[in-house]
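First come two forms of one protein chain, each written alone as structure tokens, so that there is a structure 1 and a structure 2.
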Structure 1
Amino acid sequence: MNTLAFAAITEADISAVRKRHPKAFGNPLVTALKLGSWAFIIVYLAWSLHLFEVGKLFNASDRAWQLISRMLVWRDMETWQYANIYRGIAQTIAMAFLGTLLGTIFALMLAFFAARNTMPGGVIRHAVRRLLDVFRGIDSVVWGLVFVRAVGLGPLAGVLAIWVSDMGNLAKLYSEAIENIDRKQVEGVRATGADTSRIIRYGYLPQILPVFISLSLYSFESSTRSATILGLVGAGGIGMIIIERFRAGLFDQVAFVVLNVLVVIAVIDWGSGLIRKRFIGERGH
């Protein structure tokens, strides 16, 4: 197209083409928003890296190597009080198991009140969901601090913290599983004249059982790690032993305890895989 052809194009022609093909010309507001968003992301990333203070990693490198070396060199192992260590590990596993068990039972009951297809009443359903948001929106460590203050130091605070935290998470996941079931099986059970308890028993539970088992086992694995952290805030278990050894500067014993905890978690993971395979089949993997 030559210069004369360009000169023949009027503003009306351009406006007509803009109306027919609005996306071809772009929107100045959208372009400005995109550029502004990218500029904000870049500035925020640079600010975040500034807060990271990478230089401290190099300044603390000598202390880090000293700490690692003290963890790797084990001394006076005959005086390590193994009975207390393994008692703490057993207590941690018991805390995680009991807290997860209670959380699972109560979560299953609350899930039916939070699912749309089992609780048509919007007021009750939304109230239960908001309650679950409170339970799962607060970290288990914070719940541990609350219950340590309420019931005192010891495993009871850890069990209560895991119970409340797991109940909120599992009830949310169970309710979603209930909402996604096949309605035909439920309607078939209802057509036989079964009451509500039998409809739940034979219509709902068989369908959500694989999800129920898988999520409960995963929650138990996660709660074992959480129980270790809860001990650091006074909720009993192996975490209290770890923090005591840290304060005493016995870093070799800390490494030994952490290694035992990792072994326990690996064994729990292996056992959970066997249970999933037994009740769910290969689909559980």
Structure 2
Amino acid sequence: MNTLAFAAITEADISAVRKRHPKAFGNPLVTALKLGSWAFIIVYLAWSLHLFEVGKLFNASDRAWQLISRMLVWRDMETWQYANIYRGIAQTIAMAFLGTLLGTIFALMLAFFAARNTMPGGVIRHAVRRLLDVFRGIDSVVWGLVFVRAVGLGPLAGVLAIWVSDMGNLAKLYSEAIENIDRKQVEGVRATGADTSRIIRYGYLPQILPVFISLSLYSFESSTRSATILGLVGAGGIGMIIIERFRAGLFDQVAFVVLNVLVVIAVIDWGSGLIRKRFIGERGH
């Protein structure tokens, strides 16, 4: 063994080591590739921000400060029509609940048509899947706008929007759950001589029911979030109140409403977490 010191390493030592381990000194191609991709990302960001007129950000400080200060200073709190606000929040929750419930019911039917093991016919399965892609691919706010156009302003459009987008999401997730079930358990039930209805009851349901319930609860949580903004396009709920008051320049009230919504959403997440635990135990999904 030889002792060594960093300061004592000479050019000759380096070239001697380089001769024996040339690859340890880094591959120039890899280095160039790394540098190139970082440069590309930076150039892209600079270019795209220029395209989006990032300069506006620096001219906007006056308006931004004005906005922020008016959001933070709450004035005339007795005239804020609280009943209206809380009715809006209640309506939002109700919309999310009804939409998710209807979405769940319809997704249950569609999922079996979209799963490979329950729907061997390729044509129908693919047709159903593409339809689900359309339901999912369009954001619930867009559906909200479409339904407002079709059935008019109000929570009905909101319920329909959540229904359609939840149906798309849930049917896809359900069908994946159905495809992932454990065949052995089903065969075990079949081996006892059970008929089809019993195979479904004891072979399939115990496996997929907890997953389905958990997915629907998750979906309810996310629907509550999307229901709050459906009102921005006129589809009922708290969003309508937010946008009305925002347009009227009542920024302090907007801040108050948003805070309330955040609290309500946190409470719903917590509650649905409790129910999930009850149905599926601690293991979660």
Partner chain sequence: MASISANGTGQDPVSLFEGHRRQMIRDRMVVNITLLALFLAFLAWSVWISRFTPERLAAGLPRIFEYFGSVMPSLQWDVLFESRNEAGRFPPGSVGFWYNDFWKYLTLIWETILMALTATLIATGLAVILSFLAARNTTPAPWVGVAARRFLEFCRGVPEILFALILVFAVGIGPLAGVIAIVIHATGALGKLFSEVVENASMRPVDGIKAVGGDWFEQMRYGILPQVLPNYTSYALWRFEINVRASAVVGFVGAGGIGAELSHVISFFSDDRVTAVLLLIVLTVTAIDLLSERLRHALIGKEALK
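Heads up, when I say rigid core I mean the largest set of C-alphas that superpose within 1.5 Å between the two forms. One-based numbering along structure 1's sequence throughout. Quick caveat, the model's predicted, so the values are computed rather than measured.
### Task
Sort out for me whether 1 or 2 is the form predicted in complex with its partner chain.
Pick structure 2 here.
### Query
Is it true that residue 184 shifts between structure 1 and structure 2 by 2 Å or more at the Cα, once the core is aligned?
The answer is yes, as the C-alpha of residue 184 shifts between structure 1 and structure 2 by 2 Å or more after core alignment.
### Message
After a rigid core superposition, would you say the CA of residue 34 moves by 2 angstroms or more between structure 1 and structure 2, or not?
### Response
It does shift by 2 Å or more.
### Task
Once the core is aligned, please say if the CA of residue 43 is shifted by at least 2 angstroms between structure 1 and structure 2.
Residue 43: C-alpha displaced by 2 Å or more between structure 1 and structure 2.
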